[in-house]
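First comes one chain, alone, set out as structure tokens in the form predicted on its own.
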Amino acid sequence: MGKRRRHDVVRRWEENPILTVEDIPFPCNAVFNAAAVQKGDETILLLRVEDLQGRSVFALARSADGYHFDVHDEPVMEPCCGGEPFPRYERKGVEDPRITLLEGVYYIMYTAASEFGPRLALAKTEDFQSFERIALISEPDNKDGVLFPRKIGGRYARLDRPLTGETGNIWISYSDDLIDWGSSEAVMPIRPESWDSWRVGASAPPIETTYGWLEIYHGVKRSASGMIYRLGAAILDLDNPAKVLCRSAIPILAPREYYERVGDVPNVVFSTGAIMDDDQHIRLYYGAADTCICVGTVRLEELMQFCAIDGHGD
């Protein structure tokens, strides 16, 4: 039997998936979409877990090597039941967290889900033991919010994905206080007739590199049998992140393995967390088929070569 051909830039860990419902110590339906951060020698994941009521909650997992995780016995954040206005807008759950270390605080941008549509919300923690909600920070329908890890031009910055009809593009907005946002600009549009032709959205929080801000994003294409979620990469200008320096023409990761193609939502690879080590080695954590969590690896130089050859500016 010949050697299996490698189709994707990102290398899947051979022991994927790293977390399934069997690894969650409390009753639930599925686990997927993990925010990720390195805190000292420890990798921390904030997991989106669907409980038996069908709501999304957040669970915490810790690892010494970034591949083998222990999950806390109980959720660390559940839909809010007190303190307006959160209960009304989290009735269907808290979804898709992203963690950014900013000014010594770990901020968590997440989606508050309710019958009124998805809205971005912000929480914070300093120790991953207690979590404090800050504010709802967008109008509906808005998802896929990621916070930059430092101010740009004296203001906080975020990427998000407001919907325009059924389609969605990536935008940037700015804030003086992390609560009120404006000065919004469109950054990355969908590309008709491409793998990201229906919706695009920010995945992992931007990573600052010598080339610019590395943004790993997801792109969605409609097919006859449903949606296909893939991952791509882009480099944004450090001083003006509304300017795209390059963007991958083809995906860096696509659903190919059984655990990515078969699950609660088939044909999905969807990331909400990535960690770049000091040697520019990136661990990309992603949900597969909205059923489990996986990890893949890639070096920054590989992404840059891929972007330089196959990408283009917008």
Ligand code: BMA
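From 1 onward, residues are counted along the sequence shown. Just so it is clear, the structure is predicted and the values come from calculations on it, not from any experiment.
One more form of this protein, predicted in complex with the named molecule, exists but is not displayed; see below.
*Asks:* Please determine, with the chain shown alone, which of 267-275, 22-30, 254-262, 35-43 has non-hydrogen atoms within 4.5 Å of the named molecule in the predicted bound form.
*Replies:* Looking at the partner contacts, the answer comes out as 267-275.
*Asks:* Could you tell me which one of 215, 96, 90, 196 places a heavy atom within 4.5 Å of the named molecule in the predicted bound form?
*Replies:* Of the listed residues, the single hit is 96.
*Asks:* Taking the named molecule as it sits in the predicted bound form, is residue 158 near enough to touch it, meaning that at least one heavy atom pair lies within 4.5 angstroms?
*Replies:* Outside the cut-off, so no.
*Asks:* Would all three of 48, 143 and 290 be in contact with the named molecule in the predicted bound form, where contact means some heavy atom lies within 4.5 Å?
*Replies:* Yes, each of 48, 143 and 290 comes within 4.5 Å of the named molecule in the predicted bound form.
*Asks:* Mind listing which residues of 166-203 have a heavy atom within 4.5 Å of the named molecule in the predicted bound form?
*Replies:* Contacts from 166-203: none.
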